[in-house]
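What follows is one chain in structure tokens, specifically the form predicted on its own.
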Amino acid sequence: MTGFIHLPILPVVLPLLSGIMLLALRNRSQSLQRGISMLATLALVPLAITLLQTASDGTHLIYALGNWVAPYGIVLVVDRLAAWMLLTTALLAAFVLLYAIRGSDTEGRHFHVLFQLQLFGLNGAFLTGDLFNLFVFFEILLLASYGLLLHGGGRNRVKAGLHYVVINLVGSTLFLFAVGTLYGVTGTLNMADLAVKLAQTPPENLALVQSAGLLLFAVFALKAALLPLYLWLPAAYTHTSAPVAALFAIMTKVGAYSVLRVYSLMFGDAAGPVANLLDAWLAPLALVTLVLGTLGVLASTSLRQQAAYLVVASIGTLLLAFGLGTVDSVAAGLYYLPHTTFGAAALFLLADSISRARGPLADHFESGPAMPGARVLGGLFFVVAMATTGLPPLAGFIGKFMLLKAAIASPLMVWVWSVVLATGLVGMTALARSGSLLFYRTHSVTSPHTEPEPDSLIPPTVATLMPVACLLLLIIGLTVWAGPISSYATATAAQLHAPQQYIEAVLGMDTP
């Protein structure tokens, strides 16, 4: 493993150094900035693949910053789950940036600096083995995402951004309360060390630890947009630029990842008096989130708003899989996670091309004149709709099938089957209606909008449609190689259900 000793820190250092370099070159040509940003982002893909191959046999790569051993120093940890999240993020970021450099990046200042800092925060959150540094990376995410959210300006973006930052600052405050409480009780914030000490929580500290654990859950639920903390998401994702909304498709997954990581490691079956802290909360809240997100999809008045509510619905499905808590259900969620990320991102990017092709009508669900490039856009929309609603034969169907199969042994089986199948049908109906209004019911405009001038209708180009097509190819890849990918997801879930391996790898010693 000596050849891999510095690999775990590279996904953090590379975007950080790239962001600093881009800030220093902010007055240089746009093409130079684009080249540096694209090169740095593309470099993350082979790096993530290497880390995934290294971790695929169950190896834990531990990187101790400053060579300070855990739990006294800060550690980065690469296991199957972290590598899976790194690869998903790297692939998403590459195609989102490919779309952005076609012109969206020039709508405001410092886009590429903020983009790299966003990747710095994302990768750091997936790799850190320290609870306080998870908070630090969350704050980096907040700062970078706020700048990206406002990129290009506009009243709606500022309003949505203000709501976004205020509610996330509240979440940050709760995070500090939770972290401070756990440190006061245990004297450590290393997650592996916390797992050992929380399992030995004395009765007099039990209420404090449980309160801190539930506060952490509230913070992660806010990041993941779980009921009732999802109200900030639709407006924020609808009104920001398409590449930013597409990149933000991974943001809710950071909250879902944190739930899975923290509660499988620190509050899992082996956590003694604080074991299974979320059993009564996570799955029921996820079910309701799935229902309300789907109703939002049905009630949406524009394609971008519909895509935002699809993100909410997908997080309900994802956290439902994690909330059932078995190896098979968690594996279903891990398989479904990249599919829904790529599908949502593709829909945001496609909605932008549709909006440009319809002129003043934008992506509103109002019938109007036929748009240029309607056949190509309509074909891509059909495939994206199949993917996001989980229709066969694409990966979304496989992920939901795995979830339904895993739910057979659960006491919530009736609820899971009913809600997942019913919301899938409603989502399919909503997207079919959207496609009909956008592509088939074409006629002269009779709405308050004015008749669009021909020059205002911007036809799609190969450059703008290529990132959408590439994201769909990733989904097809998840389908074609469903066997080995689902096996990897199952092995990852099994590794999460055996946290002793993680603890021993980080602490470097046997633990009781």
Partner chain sequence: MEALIALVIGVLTAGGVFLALRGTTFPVVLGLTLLSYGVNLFLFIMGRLAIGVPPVIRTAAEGYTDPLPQALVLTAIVISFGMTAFVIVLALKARSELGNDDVDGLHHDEDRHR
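What you see is a predicted model, and the numbers here were worked out from it, not measured in a lab. Positions refer to the first chain, counted from 1.
Below: the form predicted together with its partner chain, not depicted.
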query: Residues 155, 170 and 180 all lining its partner chain in the predicted bound form, heavy atom within 4.5 Å; finding: yes
query: Stretch in contact in the predicted bound form with its partner chain, which is absent here, among 262-270, 192-200, 302-310, 132-140 (heavy atoms within 4.5 Å); finding: 132-140
query: Residue 162 within 4.5 Å of its partner chain in the predicted bound form, heavy atoms; finding: yes
query: Non-hydrogen atom contact residue 274 with its partner chain in the predicted bound form at 4.5 angstroms; finding: no
query: Exercise: residue 408 in contact with its partner chain in the predicted bound form, heavy atom 4.5 Å; finding: no
query: Residue 382, heavy atom within 4.5 angstroms of its partner chain in the predicted bound form; finding: no
query: Selected contact from 207, 414, 280, 166, since only one has a non-hydrogen atom within 4.5 angstroms of its partner chain in the predicted bound form; finding: 166
query: Heavy atom within 4.5 Å of its partner chain in the predicted bound form - residue from 103, 392, 228, 184; finding: 184
query: Those residues of 315-338 which, in the predicted bound form, come within 4.5 Å of its partner chain by heavy atom; finding: none
